[in-house]
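The chain below stands alone, shown as structure tokens; this is the form predicted alone.
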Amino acid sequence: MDRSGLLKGKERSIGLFGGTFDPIHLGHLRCAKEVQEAFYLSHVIFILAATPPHKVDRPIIATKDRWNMVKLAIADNPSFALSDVEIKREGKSYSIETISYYHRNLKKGEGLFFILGADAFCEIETWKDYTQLFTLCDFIVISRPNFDPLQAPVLTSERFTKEGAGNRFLHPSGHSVSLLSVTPFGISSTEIRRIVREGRSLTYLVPQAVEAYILSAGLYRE
């Protein structure tokens, strides 16, 4: 699909990439890079969730440690940035509040994209004020194993229409949802935490600086 038309008339566009990043790994970084290149984003901003509303089944390590690991992971890429917008807010980290914040602060000519996985997109109707999300920015849905975003109920409930033969769907507000297939990585934060508990190496799974931080801080041992 030709994405050059998506940014026509816009000086620059930014992508918001949220997550707990517990811990951040090479799959996160590669996905962010592929999205940036595919949609010509000037920056991808990593949004660290302080208290994610959908992940209450296990303890999450301290925000400080997750912040430090993301900062180390993106340090060598000037097109990646880290935001504390959800850390500064009290209570749960709702995407509607984060997107609204960036929407209010857009400069003239800027475009705003929200990046999420197909798994999250398929359950987006459980999110707070989800109907408002598509009126504020464009969405980029990245592929996830065993999840088909074309089956997401929200495409019907929110009256999206398919644009041409590509993987782009238009919302009545004029914003869009674009589906992007990214390089599959058979790793997850859950698996990485298990590997640490077992005392195995994280080489080639996370950036070296992140591995060093995990070991020095003694994270995920229990």
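Sequential numbering from 1, following the sequence displayed. Bear in mind that the values here come from a model prediction, so they are computed numbers and not experimental data.
Beyond the structure shown, there is the form predicted in complex with adenosine-5'-triphosphate, which is absent from this document and is the topic of what follows.
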_All of Gly117, Thr190 and Arg193 within 4.5 Å of adenosine-5'-triphosphate in the predicted bound form, heavy atom check_ = yes
_Stretch in contact in the predicted bound form with adenosine-5'-triphosphate, which is absent here, among 95-103, 139-147, 82-90, 69-77 (heavy atoms within 4.5 Å)_ = 139-147
*Could you work out which of Cys31, Val44, Val177, Val154 is the residue within 4.5 angstroms of adenosine-5'-triphosphate in the predicted bound form, going by heavy atoms?*
Cys31
*asked:* Under a 4.5 Å heavy atom criterion, is Arg159 part of the interface with adenosine-5'-triphosphate in the predicted bound form?
replied: no
*asked:* in the predicted bound form, is there a heavy atom of adenosine-5'-triphosphate that lies within 4.5 Å of any heavy atom of Gly19, even though the partner is absent here?
replied: yes
*Distance check, Lys64 to adenosine-5'-triphosphate in the predicted bound form, heavy atom within 4.5 Å*: no
*Taking 4.5 angstroms as the cut-off for heavy atoms, does Tyr40 touch adenosine-5'-triphosphate in the predicted bound form?*
no
